[in-house]
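For reference, the chain that follows is the form predicted on its own, supplied as structure tokens.
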């Protein structure tokens, strides 16, 4: 049976989610607070990405959307600083949903997310889709084999605005949206919070719950601190150390995870080659084994939709890497990152 999907936001994520759900034969409705964004989606973004407009997509006026009925899944794909306000509005207007997906990050770091913590959060998820990919699952299984011998983990998530803006052709520069303002949810550590989420997933999978954190940051403008363009996060425990290296400078993008043990090196590579991620295992003698994982940009969102819609029980929700508890933990570390005044480069 087709699922009823409501998407808030007609920007990049809204278009990705719309296309993914259409491929899965779901009923898609899209709304946006600015009617011009719906027009842009219909006439420019969707046709340029996917060939032509699909007339089955229902575009709903924002003022009318809060009078609609129940949905199997509501997706919030609006700027980070609007996420929590929208969730409050859904509950205030009693819009019923079976599941709610909030695009990453959960909110902007200056906001108080106490409201979301008080909600029944079992059916709320955050859009960190890399963590549920087949390549990451395989990678985690490989490193768990070396659990007792692990020493260091390095996560590199580096992609400058040159690459990001190519996928957002309607933006003149990073300051044309929230992307260029840390207070609004932009900047390196928030825009690339996939890396931070993956760090927490890895630590959890390795049974490490106690660790110390240390931060270094660099701002694009040290006087006005518009956004952080470089972020280093260090996790240290008595078992291993994890270093996170994030930036909004590097082009072309470099995204990988390197795990070193006494016996081998295990590496996950994002976009190892076109339409493929890879996991490489290098033994002490230099012998290398590479496993490729086919994917497309579209399939990343299709898999995310299939995954979330397939979750059935409260236990499934709680055990999901996408559960809101992990999204809240990400934001707690991001708040600490910005509140740390000592370590700016």
Ligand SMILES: NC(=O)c1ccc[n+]([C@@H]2O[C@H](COP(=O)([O-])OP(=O)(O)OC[C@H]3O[C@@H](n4cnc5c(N)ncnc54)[C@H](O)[C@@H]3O)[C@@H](O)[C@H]2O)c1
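This structure is a prediction, so every number in the text was calculated from the model and none was measured. Positions refer to the first chain, counted from 1.
Beyond what is shown, the protein has a form predicted together with the named molecule; the following relates to that form.
Asks: Verify the flagged residues 158, 187 and 337 against the named molecule in the predicted complex: is each one within 4.5 Å by a non-hydrogen atom?
Replies: Looking in the predicted complex, the three residues 158, 187 and 337 all stay beyond 4.5 Å of the named molecule (heavy atoms).
Asks: Report the stretch among 111-119, 271-279, 133-141, 98-106 that approaches the named molecule in the predicted complex to within 4.5 Å, counting heavy atoms only.
Replies: That would be 98-106.
Asks: Between 243, 183, 217, 194, only one gets a heavy atom within 4.5 angstroms of the named molecule in the predicted complex; which residue is that?
Replies: Going through each option in turn, the one that passes is 194.
Asks: Heavy atom within 4.5 Å of the named molecule in the predicted complex: which of 289, 314, 297, 58 fits that? Just give me the one.
Replies: None of the others qualify; the residue that does is 297.
Asks: According to a 4.5 angstroms non-hydrogen atom cut-off, is residue 34 in contact with the named molecule in the predicted complex?
Replies: Residue 34: yes, in contact with the named molecule in the predicted complex.
Asks: Would residue 12 count as touching the named molecule in the predicted complex under a 4.5 Å heavy atom rule?
Replies: Residue 12: yes, in contact with the named molecule in the predicted complex.
Asks: Although the partner isn't part of this model, could you tell me whether residue 301 comes within 4.5 Å of the named molecule in the predicted complex, counting any heavy atom of the residue?
Replies: It does: once the named molecule is placed as it appears in the predicted complex, residue 301 has a heavy atom within 4.5 Å of it.
Asks: Please tell me whether any heavy atom belonging to residue 71 falls inside 4.5 Å of a heavy atom of the named molecule, as the geometry stands in the predicted complex.
Replies: The answer is no: residue 71 has no heavy atom within 4.5 Å of the named molecule.
Asks: For the stretch 76-99, I need every residue with any heavy atom inside 4.5 Å of the named molecule in the predicted complex, listed N to C.
Replies: Heavy-atom contacts to the named molecule in the predicted complex: 77, 78, 79, 80, 82, 83, 86.
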